[in-house]
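Shown here is one chain on its own, the form predicted on its own, set out as structure tokens.
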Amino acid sequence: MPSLGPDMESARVVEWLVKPGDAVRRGDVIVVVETDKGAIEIEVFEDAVVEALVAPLDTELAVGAVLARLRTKGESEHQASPDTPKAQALPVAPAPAFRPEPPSVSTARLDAGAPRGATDSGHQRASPAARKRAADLGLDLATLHGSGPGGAVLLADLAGLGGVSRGRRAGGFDAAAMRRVIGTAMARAKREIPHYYLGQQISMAAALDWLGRANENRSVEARLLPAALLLRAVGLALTKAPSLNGYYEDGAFRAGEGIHVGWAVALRGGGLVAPAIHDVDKLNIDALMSALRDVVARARRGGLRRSEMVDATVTVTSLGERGADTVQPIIHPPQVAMIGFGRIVERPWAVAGQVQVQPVIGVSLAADHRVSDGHLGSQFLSEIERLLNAPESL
């Protein structure tokens, strides 16, 4: 059981996506676990064959507990690695015969017609965990369209359907538990990290003009949002301020191995997660917009991967159109900086000695004084301003 954050102690196994004998490749999702932050997909770290599924479904396990035994290249059949238990695997519900890829959007819908995932006998294909969740919610699988191969219903497809079951939303989200985790983490961050704060107002006139031209011939689904420009500007500005991108651990700063921006997502039932969008400085605007839409959709239905929960080297929180004008973030340890964007509002703005009304956004920086100072932080915010005033360079 991997650690998914400094305050995680345990998680519950809710869905196996492989079975003994399956070949898996590095990066494949093999199991879904439920934490206080929702359902998280766990990837495998090397090419191997599944020897045994050790952890049964609906079992709470501590961080570090064995989930499965894998046979890597060079190991004989049933030969476990030296640090894994020799005991027989515990019984688990049979895994689905298919190898589902995580869907980009939830596609399960109530429908009076015959679902495309029905077998010849009329039964709807579904993973074991999805069957159990549907039963808990009182849903008829025969009325659902799934997003798995052949229309099979997956656990993630049930997010948001059927209301509340046993005090939790489908997908395992528990708002009260998440609030406790957030409160503990933020209290620790404020206590242990010497924060300093900087803020700046930036005109968005040039950025929004460019955005309007870029969206003229795009469909609604393909249109770019201001968030993509903000994300791209942060990624490029961080290339010139590497001491804001990384971690403070064991009394020293460790630079991030890439610019992986955690984007704070407000969940519909309350609570917050900040999954990472990887290599933001290397993605163009269209790729960033696509990645942002995907990660927000999966965060809200409970379909994030472990790497997205632990890889962020810096975090951005954007309050959007209906938010406050400014935000003062609290750093998420062990990161050393967090950037906040308020809503875009019209403000009087001096241009060439004249006052105009322009769209303006407030940007703020919370940073760790053990690693950087106000001079560097000011340069970072100025670089974001420069980039947003030259949107064609983004």
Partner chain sequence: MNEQQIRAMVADALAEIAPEVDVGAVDDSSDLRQALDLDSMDFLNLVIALSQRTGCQIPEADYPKLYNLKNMAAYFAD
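Because the structure is predicted, anything quoted here is derived from the model rather than measured. Residue numbers count along the first chain shown, from 1.
Beyond what is shown, the protein has a form predicted in complex with its partner chain; the following relates to that form.
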Which one of these stretches, 287 to 295, 194 to 202, 239 to 247, 178 to 186, sits within 4.5 Å of its partner chain in the model of the complex when only heavy atoms are counted? 287 to 295
Does any part of G212 reach within 4.5 Å of its partner chain in the model of the complex? Heavy atoms only, please. yes
Does any heavy atom of H278 come within 4.5 Å of a heavy atom of its partner chain in the model of the complex? no
May I ask you to check whether K190 falls inside a 4.5 Å heavy atom distance of its partner chain in the model of the complex? no
Any chance L283 has a heavy atom within 4.5 Å of its partner chain in the model of the complex? no
Pick from A206, A255, L272, L225: which residue has any heavy atom within 4.5 angstroms of its partner chain in the model of the complex? L225
If we check its partner chain in the model of the complex, which of the residues in 232 to 259 reach within 4.5 angstroms of it by a non-hydrogen atom? none
